[in-house]
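Shown below, as C-alpha coordinates, is a lone chain in the form predicted alone; questions about how it binds or moves come after it.
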Amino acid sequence: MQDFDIAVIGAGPGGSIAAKVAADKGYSTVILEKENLSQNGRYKACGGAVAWELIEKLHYPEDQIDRIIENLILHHIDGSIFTKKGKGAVLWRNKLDFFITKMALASGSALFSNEPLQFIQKVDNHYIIRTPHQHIVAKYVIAADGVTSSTLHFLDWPNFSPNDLVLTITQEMESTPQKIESSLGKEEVHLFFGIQNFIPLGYAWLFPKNKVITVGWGNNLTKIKNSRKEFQKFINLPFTKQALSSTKKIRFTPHLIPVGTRSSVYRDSVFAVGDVAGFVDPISGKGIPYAMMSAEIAIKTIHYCEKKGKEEKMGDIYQNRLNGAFLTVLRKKREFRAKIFQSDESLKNFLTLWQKHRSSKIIMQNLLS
(Lines give C-alpha, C1' and ligand atoms only; values in the text may rest on other atoms or scores of the structure.)
Protein backbone atom coordinates (compact mmCIF):
# COMPACT_ATOMS: atom_id res chain seq x y z
CA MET A 1 0.00 0.00 0.00
CA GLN A 2 1.30 3.44 -1.00
CA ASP A 3 0.11 6.66 0.60
CA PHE A 4 -0.32 9.89 -1.39
CA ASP A 5 -1.91 13.25 -0.72
CA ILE A 6 -3.57 13.35 -4.15
CA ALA A 7 -4.46 10.57 -6.59
CA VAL A 8 -5.16 11.65 -10.16
CA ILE A 9 -7.14 9.19 -12.26
CA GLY A 10 -6.31 9.69 -15.94
CA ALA A 11 -3.18 11.02 -17.69
CA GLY A 12 -4.83 13.32 -20.23
CA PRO A 13 -4.19 17.08 -20.25
CA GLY A 14 -6.43 17.69 -17.22
CA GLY A 15 -5.00 14.89 -15.11
CA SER A 16 -1.40 15.68 -15.96
CA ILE A 17 -1.79 19.41 -15.28
CA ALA A 18 -3.45 18.58 -11.94
CA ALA A 19 -0.51 16.33 -11.04
CA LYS A 20 2.05 18.93 -12.08
CA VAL A 21 0.44 21.76 -10.11
CA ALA A 22 -0.03 19.50 -7.08
CA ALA A 23 3.58 18.32 -7.13
CA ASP A 24 4.80 21.90 -7.58
CA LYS A 25 2.90 22.82 -4.41
CA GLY A 26 4.54 20.03 -2.43
CA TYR A 27 1.77 17.43 -2.45
CA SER A 28 2.73 13.79 -2.88
CA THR A 29 0.90 12.92 -6.08
CA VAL A 30 0.29 9.90 -8.27
CA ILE A 31 -1.28 9.55 -11.72
CA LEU A 32 -3.11 6.31 -12.48
CA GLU A 33 -3.62 5.72 -16.22
CA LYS A 34 -5.52 2.74 -17.64
CA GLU A 35 -3.62 2.72 -20.96
CA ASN A 36 -0.02 1.68 -21.49
CA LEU A 37 2.04 4.85 -22.00
CA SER A 38 4.94 4.24 -24.34
CA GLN A 39 7.32 6.96 -25.50
CA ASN A 40 4.58 8.07 -27.89
CA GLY A 41 1.82 8.10 -25.26
CA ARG A 42 -1.53 6.52 -26.15
CA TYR A 43 -3.83 7.20 -29.07
CA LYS A 44 -6.72 9.57 -28.39
CA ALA A 45 -9.62 9.96 -30.82
CA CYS A 46 -9.45 13.70 -31.42
CA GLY A 47 -9.15 16.08 -34.36
CA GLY A 48 -6.04 17.51 -32.76
CA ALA A 49 -6.66 21.16 -33.66
CA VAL A 50 -5.68 23.59 -30.88
CA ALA A 51 -5.38 27.36 -30.61
CA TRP A 52 -1.89 28.83 -30.80
CA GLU A 53 -2.33 30.30 -27.31
CA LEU A 54 -2.18 26.77 -25.92
CA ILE A 55 1.03 26.02 -27.82
CA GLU A 56 2.63 29.15 -26.35
CA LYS A 57 1.36 28.48 -22.83
CA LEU A 58 2.83 24.98 -22.78
CA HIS A 59 6.00 25.93 -24.70
CA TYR A 60 5.10 23.00 -26.90
CA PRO A 61 7.91 22.23 -29.38
CA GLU A 62 7.09 23.14 -32.97
CA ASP A 63 8.83 20.03 -34.28
CA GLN A 64 5.98 18.02 -32.72
CA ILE A 65 3.32 20.03 -34.57
CA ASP A 66 2.09 18.42 -37.79
CA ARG A 67 0.66 21.55 -39.32
CA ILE A 68 0.34 25.24 -38.41
CA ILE A 69 -2.98 26.71 -39.52
CA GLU A 70 -4.20 30.24 -40.12
CA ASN A 71 -7.85 29.78 -41.19
CA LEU A 72 -10.95 27.77 -40.42
CA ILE A 73 -13.07 27.20 -43.53
CA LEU A 74 -16.70 26.71 -42.49
CA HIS A 75 -18.75 24.93 -45.16
CA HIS A 76 -22.52 24.76 -45.22
CA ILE A 77 -23.62 21.89 -47.44
CA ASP A 78 -25.81 24.25 -49.46
CA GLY A 79 -22.56 25.71 -50.83
CA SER A 80 -22.16 28.69 -48.50
CA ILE A 81 -18.62 29.20 -47.20
CA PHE A 82 -17.49 31.23 -44.21
CA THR A 83 -13.89 31.91 -43.20
CA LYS A 84 -12.66 32.41 -39.64
CA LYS A 85 -9.09 33.62 -39.25
CA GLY A 86 -6.97 32.52 -36.33
CA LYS A 87 -3.61 30.87 -35.79
CA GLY A 88 -3.60 27.33 -34.48
CA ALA A 89 -1.93 23.95 -34.75
CA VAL A 90 -2.95 20.46 -35.76
CA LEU A 91 -1.12 17.75 -33.84
CA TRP A 92 -1.39 14.23 -32.53
CA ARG A 93 -3.03 14.06 -29.12
CA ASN A 94 -0.85 11.19 -27.95
CA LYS A 95 2.22 13.44 -28.31
CA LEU A 96 0.55 16.44 -26.65
CA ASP A 97 -0.83 14.41 -23.75
CA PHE A 98 2.46 12.64 -23.08
CA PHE A 99 4.35 15.94 -23.26
CA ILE A 100 2.16 17.28 -20.43
CA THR A 101 2.46 14.01 -18.49
CA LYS A 102 6.25 14.33 -18.62
CA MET A 103 5.88 17.86 -17.20
CA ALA A 104 4.08 16.31 -14.21
CA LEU A 105 6.78 13.68 -13.76
CA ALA A 106 9.49 16.36 -13.91
CA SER A 107 7.71 18.16 -11.07
CA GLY A 108 7.81 15.02 -8.91
CA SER A 109 4.54 13.22 -9.55
CA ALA A 110 4.54 9.43 -9.69
CA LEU A 111 2.91 7.61 -12.61
CA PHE A 112 1.48 4.10 -12.88
CA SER A 113 0.35 3.32 -16.43
CA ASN A 114 -1.51 0.27 -17.71
CA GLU A 115 -3.41 0.37 -14.40
CA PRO A 116 -7.20 0.52 -14.95
CA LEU A 117 -9.21 1.42 -11.88
CA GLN A 118 -10.78 -1.61 -10.20
CA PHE A 119 -11.97 -0.24 -6.87
CA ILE A 120 -12.30 3.08 -5.06
CA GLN A 121 -14.01 3.74 -1.74
CA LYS A 122 -13.78 6.33 0.98
CA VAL A 123 -12.78 4.99 4.38
CA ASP A 124 -12.64 7.54 7.19
CA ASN A 125 -10.84 10.55 5.69
CA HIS A 126 -9.03 8.78 2.86
CA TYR A 127 -9.78 6.93 -0.35
CA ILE A 128 -8.71 3.35 -0.90
CA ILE A 129 -7.87 2.81 -4.57
CA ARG A 130 -6.98 -0.48 -6.26
CA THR A 131 -5.74 -1.26 -9.76
CA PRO A 132 -4.39 -4.62 -11.04
CA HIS A 133 -0.95 -4.00 -9.53
CA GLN A 134 -1.34 -1.06 -7.12
CA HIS A 135 -3.01 -0.47 -3.76
CA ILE A 136 -3.11 3.26 -2.97
CA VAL A 137 -4.42 5.51 -0.23
CA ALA A 138 -5.06 9.19 -0.97
CA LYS A 139 -6.75 12.10 0.79
CA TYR A 140 -7.99 13.73 -2.43
CA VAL A 141 -9.00 12.32 -5.80
CA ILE A 142 -8.94 14.16 -9.13
CA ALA A 143 -11.28 12.39 -11.54
CA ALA A 144 -9.80 13.05 -14.98
CA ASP A 145 -10.66 9.77 -16.72
CA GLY A 146 -13.07 10.92 -19.40
CA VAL A 147 -16.78 11.19 -20.04
CA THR A 148 -17.44 7.57 -18.98
CA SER A 149 -15.37 8.02 -15.80
CA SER A 150 -14.81 4.77 -13.92
CA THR A 151 -13.97 6.84 -10.85
CA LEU A 152 -17.39 8.45 -10.65
CA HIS A 153 -19.11 5.21 -11.65
CA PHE A 154 -17.60 3.36 -8.68
CA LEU A 155 -18.54 6.27 -6.40
CA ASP A 156 -22.18 6.23 -7.63
CA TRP A 157 -22.25 9.68 -9.21
CA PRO A 158 -25.07 10.02 -11.77
CA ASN A 159 -24.34 9.48 -15.46
CA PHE A 160 -24.67 12.16 -18.13
CA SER A 161 -28.05 12.53 -19.77
CA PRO A 162 -28.12 11.38 -23.43
CA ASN A 163 -29.12 14.97 -24.28
CA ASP A 164 -25.73 16.08 -22.98
CA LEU A 165 -23.66 13.65 -25.06
CA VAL A 166 -22.32 13.79 -28.60
CA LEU A 167 -21.16 10.68 -30.43
CA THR A 168 -18.10 11.41 -32.55
CA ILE A 169 -16.43 9.24 -35.16
CA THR A 170 -12.76 9.78 -35.95
CA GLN A 171 -11.25 8.21 -39.06
CA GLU A 172 -7.55 8.62 -39.81
CA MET A 173 -6.72 8.58 -43.53
CA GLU A 174 -3.11 8.26 -44.69
CA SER A 175 -2.02 10.43 -47.61
CA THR A 176 0.97 12.55 -48.70
CA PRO A 177 1.76 16.16 -47.77
CA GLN A 178 1.48 17.18 -51.43
CA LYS A 179 -1.92 15.55 -51.89
CA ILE A 180 -3.23 17.00 -48.63
CA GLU A 181 -2.14 20.53 -49.50
CA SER A 182 -3.58 20.34 -53.02
CA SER A 183 -7.01 19.28 -51.75
CA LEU A 184 -7.30 21.05 -48.38
CA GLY A 185 -4.78 23.88 -48.58
CA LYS A 186 -1.57 24.38 -46.64
CA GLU A 187 -2.89 26.35 -43.64
CA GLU A 188 -6.61 25.53 -43.42
CA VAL A 189 -8.89 23.21 -41.49
CA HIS A 190 -12.40 22.53 -42.76
CA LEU A 191 -15.68 22.24 -40.83
CA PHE A 192 -19.00 21.16 -42.38
CA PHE A 193 -22.51 22.10 -41.24
CA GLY A 194 -26.08 21.53 -42.35
CA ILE A 195 -29.14 20.68 -40.31
CA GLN A 196 -31.40 19.30 -43.03
CA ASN A 197 -30.24 15.92 -44.38
CA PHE A 198 -26.76 16.12 -42.83
CA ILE A 199 -26.13 16.67 -39.11
CA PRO A 200 -29.04 18.11 -37.12
CA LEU A 201 -27.06 18.96 -33.99
CA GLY A 202 -23.34 18.87 -34.68
CA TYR A 203 -20.80 19.16 -37.47
CA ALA A 204 -18.09 17.27 -39.37
CA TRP A 205 -14.47 18.13 -40.10
CA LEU A 206 -11.34 17.49 -42.15
CA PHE A 207 -8.17 18.33 -40.22
CA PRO A 208 -4.91 17.94 -42.18
CA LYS A 209 -1.84 16.69 -40.37
CA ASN A 210 1.46 16.02 -42.15
CA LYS A 211 0.74 12.68 -43.83
CA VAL A 212 -2.74 12.03 -42.43
CA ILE A 213 -6.17 13.62 -42.75
CA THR A 214 -8.26 13.31 -39.61
CA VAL A 215 -11.87 12.86 -40.71
CA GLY A 216 -14.36 13.63 -37.96
CA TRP A 217 -18.11 13.63 -37.46
CA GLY A 218 -20.20 14.40 -34.39
CA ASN A 219 -23.92 14.48 -33.68
CA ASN A 220 -26.01 14.73 -30.53
CA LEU A 221 -26.64 11.20 -29.25
CA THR A 222 -30.41 11.65 -29.21
CA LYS A 223 -30.45 12.67 -32.91
CA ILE A 224 -28.64 9.60 -34.25
CA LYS A 225 -30.48 6.75 -35.94
CA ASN A 226 -27.61 4.95 -37.68
CA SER A 227 -24.20 6.50 -37.02
CA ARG A 228 -22.32 4.65 -39.78
CA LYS A 229 -24.85 5.59 -42.44
CA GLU A 230 -24.92 9.19 -41.25
CA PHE A 231 -21.11 9.34 -41.17
CA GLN A 232 -21.13 7.98 -44.73
CA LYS A 233 -23.15 11.03 -45.84
CA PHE A 234 -20.13 13.13 -44.95
CA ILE A 235 -17.75 10.79 -46.78
CA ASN A 236 -19.99 11.05 -49.85
CA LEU A 237 -19.92 14.86 -50.05
CA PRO A 238 -18.11 15.88 -53.26
CA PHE A 239 -15.53 17.95 -51.35
CA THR A 240 -14.81 15.06 -48.96
CA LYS A 241 -14.62 12.50 -51.75
CA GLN A 242 -12.10 14.58 -53.61
CA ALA A 243 -9.98 15.21 -50.50
CA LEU A 244 -9.92 11.53 -49.56
CA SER A 245 -9.27 10.09 -53.00
CA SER A 246 -6.22 7.80 -53.04
CA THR A 247 -6.00 7.80 -49.22
CA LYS A 248 -5.75 4.75 -46.97
CA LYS A 249 -7.82 4.25 -43.82
CA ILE A 250 -5.62 3.47 -40.84
CA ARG A 251 -8.06 3.94 -37.94
CA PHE A 252 -11.78 4.23 -37.21
CA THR A 253 -12.77 5.16 -33.66
CA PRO A 254 -16.12 6.18 -32.09
CA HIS A 255 -15.97 8.34 -28.97
CA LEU A 256 -18.37 10.21 -26.68
CA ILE A 257 -17.89 13.82 -25.62
CA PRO A 258 -20.09 15.82 -23.23
CA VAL A 259 -21.87 19.01 -24.26
CA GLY A 260 -23.46 19.74 -20.89
CA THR A 261 -21.84 20.15 -17.47
CA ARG A 262 -22.63 18.11 -14.38
CA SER A 263 -24.86 19.76 -11.81
CA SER A 264 -22.24 18.87 -9.19
CA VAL A 265 -18.50 18.67 -9.86
CA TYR A 266 -17.28 18.07 -6.29
CA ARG A 267 -18.18 15.58 -3.59
CA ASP A 268 -16.32 14.33 -0.51
CA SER A 269 -12.81 15.41 -1.58
CA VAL A 270 -13.34 14.22 -5.17
CA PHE A 271 -12.97 16.83 -7.92
CA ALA A 272 -14.33 16.24 -11.43
CA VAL A 273 -12.25 17.99 -14.10
CA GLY A 274 -12.29 18.15 -17.90
CA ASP A 275 -14.60 15.79 -19.78
CA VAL A 276 -15.52 14.06 -16.53
CA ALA A 277 -17.25 17.26 -15.41
CA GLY A 278 -18.59 18.11 -18.88
CA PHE A 279 -16.20 21.02 -19.36
CA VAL A 280 -16.38 21.08 -23.16
CA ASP A 281 -17.55 23.94 -25.35
CA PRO A 282 -21.00 22.71 -26.50
CA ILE A 283 -20.74 24.61 -29.79
CA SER A 284 -17.15 24.10 -30.95
CA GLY A 285 -16.32 20.89 -29.04
CA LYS A 286 -13.15 22.45 -27.60
CA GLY A 287 -12.18 20.76 -24.35
CA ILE A 288 -8.43 20.73 -23.73
CA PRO A 289 -8.13 24.29 -22.33
CA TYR A 290 -11.05 23.73 -19.96
CA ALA A 291 -9.60 20.43 -18.77
CA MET A 292 -6.34 22.16 -17.94
CA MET A 293 -7.99 25.18 -16.31
CA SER A 294 -10.34 23.10 -14.16
CA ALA A 295 -7.47 20.86 -13.06
CA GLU A 296 -5.37 23.82 -11.97
CA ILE A 297 -8.35 25.38 -10.19
CA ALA A 298 -9.02 22.10 -8.35
CA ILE A 299 -5.48 21.87 -6.95
CA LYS A 300 -5.33 25.56 -6.06
CA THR A 301 -8.67 25.19 -4.27
CA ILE A 302 -7.28 22.33 -2.17
CA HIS A 303 -4.18 24.36 -1.32
CA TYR A 304 -6.15 27.50 -0.45
CA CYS A 305 -8.73 25.72 1.70
CA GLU A 306 -6.13 23.79 3.66
CA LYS A 307 -4.07 26.93 4.21
CA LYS A 308 -7.12 28.95 5.35
CA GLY A 309 -8.81 26.14 7.29
CA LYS A 310 -11.83 26.16 4.96
CA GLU A 311 -11.97 22.48 4.00
CA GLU A 312 -15.72 22.37 4.63
CA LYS A 313 -16.21 25.05 1.94
CA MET A 314 -14.01 23.34 -0.64
CA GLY A 315 -16.86 22.40 -3.00
CA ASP A 316 -18.39 25.89 -2.99
CA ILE A 317 -15.03 27.56 -3.56
CA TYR A 318 -14.21 25.20 -6.44
CA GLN A 319 -17.58 25.91 -8.03
CA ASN A 320 -17.24 29.68 -7.63
CA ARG A 321 -13.76 29.73 -9.12
CA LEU A 322 -14.91 27.63 -12.08
CA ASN A 323 -17.83 30.01 -12.65
CA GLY A 324 -15.52 33.01 -12.73
CA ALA A 325 -12.99 31.34 -15.03
CA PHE A 326 -15.23 29.80 -17.71
CA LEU A 327 -18.18 27.75 -16.44
CA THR A 328 -20.81 30.51 -16.53
CA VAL A 329 -20.04 31.05 -20.21
CA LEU A 330 -20.08 27.33 -21.03
CA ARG A 331 -23.50 26.89 -19.44
CA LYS A 332 -24.82 29.92 -21.30
CA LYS A 333 -23.53 28.41 -24.54
CA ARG A 334 -25.35 25.18 -23.71
CA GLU A 335 -28.60 27.14 -23.42
CA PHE A 336 -28.02 28.85 -26.78
CA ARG A 337 -27.00 25.69 -28.62
CA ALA A 338 -30.60 24.78 -29.44
CA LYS A 339 -31.21 28.30 -30.74
CA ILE A 340 -28.21 28.10 -33.06
CA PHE A 341 -29.24 24.72 -34.46
CA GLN A 342 -32.99 25.35 -34.69
CA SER A 343 -32.76 25.99 -38.44
CA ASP A 344 -30.23 26.35 -41.21
CA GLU A 345 -31.00 30.06 -41.31
CA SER A 346 -30.09 30.58 -37.64
CA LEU A 347 -27.05 28.33 -38.07
CA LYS A 348 -25.75 30.40 -41.01
CA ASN A 349 -26.43 33.60 -39.07
CA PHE A 350 -24.22 32.21 -36.31
CA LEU A 351 -21.49 31.17 -38.77
CA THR A 352 -21.56 34.67 -40.27
CA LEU A 353 -21.01 36.20 -36.83
CA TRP A 354 -18.43 33.56 -35.88
CA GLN A 355 -16.21 34.74 -38.73
CA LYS A 356 -15.34 37.90 -36.80
CA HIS A 357 -16.32 37.23 -33.18
CA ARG A 358 -15.55 34.64 -30.54
CA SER A 359 -18.52 32.41 -29.84
CA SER A 360 -18.51 33.57 -26.19
CA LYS A 361 -19.01 37.19 -27.32
CA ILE A 362 -21.85 36.17 -29.66
CA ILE A 363 -23.62 34.34 -26.85
CA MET A 364 -22.97 36.65 -23.90
CA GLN A 365 -23.83 39.80 -25.90
CA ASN A 366 -26.79 38.10 -27.57
CA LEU A 367 -25.61 39.04 -31.05
CA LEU A 368 -27.66 36.23 -32.58
CA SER A 369 -31.02 37.90 -31.86
Ligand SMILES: Cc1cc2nc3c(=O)[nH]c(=O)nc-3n(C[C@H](O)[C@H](O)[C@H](O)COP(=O)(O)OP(=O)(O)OC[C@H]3O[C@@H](n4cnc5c(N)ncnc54)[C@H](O)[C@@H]3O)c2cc1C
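Being a predicted model, the structure only gives us computed values, none of them experimental. In this text, residue numbers run from 1 along the sequence as written.
Heads up, the form predicted in complex with the named molecule isn't pictured, but that's what we're talking about next.
- Contact between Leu256 and the named molecule in the predicted complex is found at the 4.5 Å heavy atom cutoff.
- Of the heavy atoms in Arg42, some are within 4.5 Å of the named molecule in the predicted complex.
- Contact annotation for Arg337: none of its heavy atoms lies within 4.5 Å of the named molecule in the predicted complex.
- When the named molecule is considered in the predicted complex, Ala22 lies well away from it, no heavy atom lying within 4.5 Å.
- A single residue from the set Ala243, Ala138, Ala291, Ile120 has any heavy atom within 4.5 angstroms of the named molecule in the predicted complex; that residue is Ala291.
- For the candidate set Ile302, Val30, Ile69, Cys46, a heavy atom within 4.5 Å of the named molecule in the predicted complex is found for exactly one residue, namely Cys46.
- Partner contacts here mean any heavy atom within 4.5 Å of the named molecule in the predicted complex, and among 103-111, 219-227, 186-194, 166-174 they occur only in 166-174.
- Candidate site formed by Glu115, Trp205 and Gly287: every one of these residues places a non-hydrogen atom within 4.5 angstroms of the named molecule in the predicted complex.
- Residues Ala144, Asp145, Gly146 of 132-146 are found to place at least one heavy atom within 4.5 Å of the named molecule in the predicted complex.
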